[in-house]
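Just so you know, structure 1 and structure 2 below are the same protein chain in two forms, each on its own as structure tokens.
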Structure 1
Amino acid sequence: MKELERQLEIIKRNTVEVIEESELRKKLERSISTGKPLRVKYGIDPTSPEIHLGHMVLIRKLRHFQLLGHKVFFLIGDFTARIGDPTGRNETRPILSREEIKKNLNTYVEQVSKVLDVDKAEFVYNGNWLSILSIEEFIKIASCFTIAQILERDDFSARYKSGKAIYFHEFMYPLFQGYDSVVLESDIEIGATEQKFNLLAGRTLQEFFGQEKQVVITMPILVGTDGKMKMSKSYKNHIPVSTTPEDMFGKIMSIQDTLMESYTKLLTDIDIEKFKIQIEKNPRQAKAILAKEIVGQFFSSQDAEKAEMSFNRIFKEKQIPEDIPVIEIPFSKIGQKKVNIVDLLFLAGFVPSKSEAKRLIQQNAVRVDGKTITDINTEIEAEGKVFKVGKRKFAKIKIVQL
């Protein structure tokens, strides 16, 4: 059956594991012959309103499922977010309030829509069923697992061994995620490799509830801009989706060369074998192509072009960017024409404190209209001047009457 092989090839691309492939075949066969789409589940915690490229690896996979005609269930873990999945962490997460979660939810769909066909996907919230789950039902669920099994999980055992606290509610997280699969009757659940345990919990519970087990597909973890840890906002090594084309372009340009291959594979449709040669020949140029390709996905190819031009302008030709943000400062805050440079940097929001401003000046990091400021006692007339603070902070100051 040609269609089956075609689908399998696309689905399996870039995956780390498919558990079990034979089951996936069976499901696909059935889907093709009956015309009934498979139910594909992907869940995220709305703990942070920012989706970054790391999420996009999974969302691209979902998009492929959509293109193959399957049904995507985008699960928003509004309930489980309040527990906080301890995955990949060595510490307990703070519990989020309902308000915080709600706030985060709103921005999700929009960000995802850049890659996923959101009209065809179904967005579901696990709070709808988990918040009314009876204790009785919960005990049933809990009886499917042993403590040793859960403790087996890598991060739990690491914490346990190093003498750190593991709280009971964290222990239950995989159970809830698994139960979500039961409610959704999912055929397939995808997640990053670190999610494997949680994904497998779904299989256990579906079997217990007399359902066909979901196929678990794990994807590689995207490494963040630091080149070491997984991309995550809390490690500050992430590339957010909701940013400017210029910023995204620049951030991709700053990744380590060794990451280029995985970024290409996981975030673009570029033919990796051909691209590898290019990476070797001219890494800097290859990275620019990669950056343009990724930026183009989230914005337009024109935006990507512009981002590249602006990037070259600033960093290759060492000029100031074309579009410089304007920072308005009310005249009342200054009270006179000339201002001390330290106060100004602080008022304009370039730095979090005046001490920081002084440090930067002493380190030759501050330029006004191209001239480096070296004295912290400098008094300047700021109106209309272009400030450069550090490598990449540019702004024009405008004094406004208020």
Structure 2
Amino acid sequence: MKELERQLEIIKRNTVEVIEESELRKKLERSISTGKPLRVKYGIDPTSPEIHLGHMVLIRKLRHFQLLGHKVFFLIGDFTARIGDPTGRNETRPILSREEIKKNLNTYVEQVSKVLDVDKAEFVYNGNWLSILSIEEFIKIASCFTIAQILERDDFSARYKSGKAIYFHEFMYPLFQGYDSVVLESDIEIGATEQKFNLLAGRTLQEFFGQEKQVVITMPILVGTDGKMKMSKSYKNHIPVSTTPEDMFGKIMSIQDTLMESYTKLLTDIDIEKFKIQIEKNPRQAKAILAKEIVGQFFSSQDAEKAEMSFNRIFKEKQIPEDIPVIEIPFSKIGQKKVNIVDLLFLAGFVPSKSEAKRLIQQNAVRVDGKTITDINTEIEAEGKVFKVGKRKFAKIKIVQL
């Protein structure tokens, strides 16, 4: 059947594992013959307000399912975020408040819409069913798993052997994620490779509740800009979707050459075999093509062109960008003409903390009107001066009387 093979090829593209492919074939055959779309689940906990390119590897796969005519359920874990996914963690996550979670998820739909057709996706919140789960129902769910099974997980096993605490609420996380699949009656769930245990929990619970087991599809993990760890805000190596075209372009240009192939395969539709030849011939030019392609997806081709021009102006021609943002600081916050550079960087919003400001100064990453600041005790008159913080942050300071 040509349509079956076509869908299989698209679905399996860039995946790590399909559990089980024979089950996927049967589900697709039934969907094609009946015209009934498959129910595809993807979950994300709003533990941060930013969605980054690492998330987009999976969201692009969801878009593939949409283009094949299937139904996507974008599950926002407003309940499970209060537990914190222990996957890949060597310590317990902090428990988030309802207010923090609500603040984080406010921008999710807008960010996801850059890739996903949000009008054809159904956004669901697991707090709607997990928050009213009875003790009796939870005991039924918990009876499907042994403590030994959960302790076999690499992250739990490592913590247990090293004597680090594992709290009971962390054991509940995979159970709740699995129960989400029961409620949604999902046919397919996708996730990163590190999520395999949680994804398989859905199959276990669906079978227990008399449902057909979901097919589990795992996707590769995108390495962050540091070239070592998975992309994550926690590791400060992420490229957020809700940034500027210039910032996104610059951060992609900063990735190691060895990451170009994976970024191309996982984040674009560029022909990878042809692109490998381009990488070998001219890595710098290839990376610029890659950066323009990715920026164009999340913004526009015009924005991508401008971002490249700005990057070249700053890094190749050593010029200051044309449109420097102006940051206004009330005089009442400073109280005098001269102000300490650390305090100023924090007040202007260049850095999230004064310790980060000190770190950047000590790394010679702060320039004022072209002059590198090396002393954290430096005091300057900020009015009208151009600040460069890090490789790409430029701004002019304006002191205003309020």
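Treat the numbers as computed from the prediction; the structure is a model and nothing was measured. Sequence positions of structure 1, starting at 1, serve as the residue numbers. Here, rigid core means the biggest group of C-alpha atoms that superpose within 1.5 Å across both forms.
J.: Two forms of the same chain appear here; which of them is the form predicted on its own?
T.: Answer to the question: structure 2 is the form predicted on its own, whereas structure 1 comes from elsewhere.
J.: Quick check: K393 between structures 1 and 2 - does its CA shift reach 2 Å or more after fitting the rigid core?
T.: Yes, the C-alpha moves 2 Å or more.
J.: Does the C-alpha of S353 move 2 Å or more between structures 1 and 2 once the rigid core is lined up?
T.: S353: C-alpha displaced by 2 Å or more between structures 1 and 2.
J.: Kindly check if the Cα atom of I376 is displaced 2 angstroms or more between structures 1 and 2 relative to the superposed rigid core.
T.: Yes.
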